[in-house]
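In the block that follows, a single chain appears as structure tokens, in the form predicted on its own.
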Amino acid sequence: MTAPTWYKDAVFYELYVRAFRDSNGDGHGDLPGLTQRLDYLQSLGVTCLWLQPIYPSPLLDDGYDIADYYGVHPDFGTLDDFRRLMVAAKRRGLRVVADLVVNHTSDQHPWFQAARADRHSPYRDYYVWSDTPDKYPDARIIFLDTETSNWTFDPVAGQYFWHRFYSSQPDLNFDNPAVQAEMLKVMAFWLDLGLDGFRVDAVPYLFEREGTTGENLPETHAYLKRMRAFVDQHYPEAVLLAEANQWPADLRPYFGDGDEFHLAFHFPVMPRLFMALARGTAAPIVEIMRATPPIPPSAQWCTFLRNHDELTLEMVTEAERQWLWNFYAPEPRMRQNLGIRRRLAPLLGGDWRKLELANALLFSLPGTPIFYYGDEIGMGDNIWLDDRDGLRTPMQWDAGPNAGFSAAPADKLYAPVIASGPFAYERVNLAAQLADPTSLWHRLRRLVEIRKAHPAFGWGDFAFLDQLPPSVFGIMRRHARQVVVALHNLTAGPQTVSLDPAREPALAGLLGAALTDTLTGQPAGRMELRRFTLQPYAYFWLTAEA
């Protein structure tokens, strides 16, 4: 069966429905509100929406603690609202994927409530229980700042239950065939409603085995292949995206032989983009990409700058982590767990040159890029909110009350808008940027247009340009006869660049080829020895036909 390929050329947009647009004035964003803003997303040029969890939930972890896999949280709307969203999105050529949390549920889920109440309940075996907290000691504790053990004693059940994340999120028992079958049933339910796939949450942790870390186990991969086979057979246009925060060599198996995930996040490259910008050197990006193994032709990485979680620093060395913390998160409130709870714009000091450059780097790398809602206008954060809530504040649509997010009284909003400082909504909002043709929004929209118009970005192989100054990141992308050469100045000073196809192995065979300035669409001469200056934090993309 031929795999779908639409995700190769896609540009994803991650959004938190609760934060996007409130249609009924109750202070919570909802599905009808999102439906009202689909024209905006279409105008930005993104092609696939990624919805964070919309399921019924106590919302102790913003919906990643699911209490019912087959419904919609009442704050967000109804199943009929979801159906209307799917119809409206498809009318505009937008695909939609949603979070699927397979590793755990909320402790408020009826399955867990039945399991804890009765040892003889069929749901008892939906979870992992023990009389002692001593099993699986080699599994690391992921939320070191809040949890002291992966086991929590439940006084009603009279046993300990296993959880890799918060103690309010008991892990499902994937050794139980009924659990495996239930997850396929959940997938079918939402795909039948029109979803185009799932971002599958926390996939490395599905099984537990003594003497192992409980991550990346063969049993896990066997079940994930079963999920893929189910999708391929019944929903051949749907895709599965893996959330597996692992090193490149450990990430590679999640693609299988083209029979596991279609896409996987490239977590290790993300902190190195920030490292490269902070140190003014391309080396961190080049090193991690060279350590990234090849993947099947049908597979694709997903790349991102920021998302709804902390900027995780798990995939760097301890020395690098300390350096990044000191540089990007000098205040203790800016740090969380093994990461940084900041949005993109505050991380880069609100410097629009750096924000545009960071996105240009992202778009030039192999993989499908992802925007996090609000980053396209440079939204800020609120480090004084608990947990990662400061990254999930209301979308800033305009300078009106509540940033145009909601007609509710300000004290009824699920979270306060950013109302002070350099990122206050009266300064940073979509309406102002739409009216300014030089704004960040317009510049990023142009990047989206360019990427969609050049298949080399989505499909092409890549090679680094080795004969450039260390502070300039250069990459060549090639697909069929199309070649894109992308240069990026990572420093606050001008950089003189020599582009010589006679000395640059990646450019061999392009001598004399006609060039186009990809950003302006204007002719740019021919490929030959050229010397030019890149201004601070500037980038320059050239297109040629090989």
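The first residue of the sequence shown is number 1, and the count goes up from there. None of the values given here were measured: they were computed from a predicted structure.
There is another form of the same protein, the form predicted in complex with a small molecule; it is not shown, and what comes next is about it.
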| item | value |
| --- | --- |
| Answer option from 321, 308, 353, 252, heavy atom within 4.5 Å of the small molecule in the model of the complex | 308 |
| Candidate from 208, 389, 201, 232 lying within 4.5 Å of the small molecule in the model of the complex - any heavy atom | 201 |
| Residue stretch of 428-436, 189-197, 163-171, 447-455 approaching the small molecule in the model of the complex, non-hydrogen atom distance within 4.5 Å | 163-171 |
| Site check 363, 461 and 541: each within 4.5 Å of the small molecule in the model of the complex by heavy atom | no |
| Distance check, residue 342 to the small molecule in the model of the complex, heavy atom within 4.5 Å | no |
| The small molecule contact at residue 143 in the model of the complex, heavy atom, 4.5 Å | yes |
| Any non-hydrogen atom of residue 64 within 4.5 angstroms of the small molecule in the model of the complex | yes |
| Residue 243: touches the small molecule in the model of the complex, heavy atom cutoff 4.5 angstroms | yes |
